[in-house]
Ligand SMILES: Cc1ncc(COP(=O)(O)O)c(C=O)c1O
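Consider the single chain below, provided in structure tokens and representing the form predicted on its own.
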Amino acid sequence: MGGFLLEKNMKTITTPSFRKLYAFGKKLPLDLSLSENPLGCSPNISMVLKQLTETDFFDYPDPDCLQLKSALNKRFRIKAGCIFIANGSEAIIKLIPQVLIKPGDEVIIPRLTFPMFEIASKMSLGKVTISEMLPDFSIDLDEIKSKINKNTKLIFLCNPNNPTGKTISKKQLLDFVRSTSAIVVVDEANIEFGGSTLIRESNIFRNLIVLRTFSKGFGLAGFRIGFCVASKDIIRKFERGSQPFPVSTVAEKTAIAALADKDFIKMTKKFMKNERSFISRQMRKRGFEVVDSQANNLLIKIPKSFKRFSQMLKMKGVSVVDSSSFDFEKGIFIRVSPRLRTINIKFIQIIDQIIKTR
């Protein structure tokens, strides 16, 4: 009998898994789901790839990525000892709770944000406390402050936030970091599109970790490379807990080249602002509520009168990220990542088709 109860109880336990993330969704012919850069990447990358030699392939890479750290040091004035390079920023998100919390430690996460924060924390047996959003979908820093206690060890924030694209001002963020002894993780995956970075402030605050990626604005999602900046003490913990060769030589070289091309980032930001505005304007004309965004994503609320909206998009060959990918019950929405204008126009045309069949 006892064995039966144990087996029955074990079946009710849900194991945290990254396979549940929307990244594993199927891409359809008209894809506006994952937030890759529609413009591709800097033309400098092609030059780097043409100059590769055999040693770039058969030699082990530099485990410390010293050349990239040097480039980041020059760009952001951050000491190499305060920089950690990894196989995409997701690898760092997974590592943070692994090395910084113990089972039962509390982690605070906003209700509507990147789902990997919660999954990674639960994998390390952290106790996740959810903070509710403001009515306009903004992260409520006061609400988070009210939930901090002596057991709170980590707080995850995303700026600009995913999936809303809303930003928090630098002053608000710094005031918040000052207000707590817990480690505050600020994920700036989409900072190239909007918002103010805290990357240099990591020189000042010992409880601040700033995450960055080369996947979004720089257009290097296929190379899997990201980094974070933090105090030397935190970085040393990451180094002890990470794999020996996290980034390939080719990925490191492309990241250095991408970092040097400031004009490409400026062009990307201008492009995304235009396409974000185009889709927002067109959807609002059709009666949809679109959350103001400064990132490369748009959160579009779906009126209750539309039934099975996401399924209808799938049937018409359109892939987006829908609200089922997030732990948020206040309304149904889709997250759209703008593409080239021709694709965005096709998306609006399909929206018109769905409206006609309502």
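Counting begins at 1, following the sequence as shown. All of these numbers come straight from a predicted model, not from anything done at the bench.
There is another form of the same protein, the form predicted in complex with the ligand; it is not shown, and what comes next is about it.
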Worksheet item: K94, A230 and K237: each with a heavy atom within 4.5 Å of the ligand in the model of the complex?
Response: no
Item to complete: Answer for R276 alone: is it within 4.5 Å of the ligand in the model of the complex, judged on heavy atom distances?
Response: no
Discussion item. Taking the ligand as it sits in the model of the complex, is E90 in contact with it (heavy atom to heavy atom, 4.5 Å or less)?
Written reply: yes
Fill in: Contact of F193 with the ligand in the model of the complex (heavy atom, 4.5 Å)
no
Worksheet entry | A255, heavy atom within 4.5 angstroms of the ligand in the model of the complex | no
Discussion item. Within 4.5 Å, heavy atoms only, one stretch in 104-112, 283-291, 127-135, 81-89 touches the ligand in the model of the complex. Which?
Written reply: 81-89
Worksheet item: Exactly one of S202, T164, T213, T268 has a non-hydrogen atom within 4.5 Å of the ligand in the model of the complex; which residue is it?
Response: T213
Fill in: Residues in 182-196 with any heavy atom within 4.5 Å of the ligand in the model of the complex
D187, A189, N190
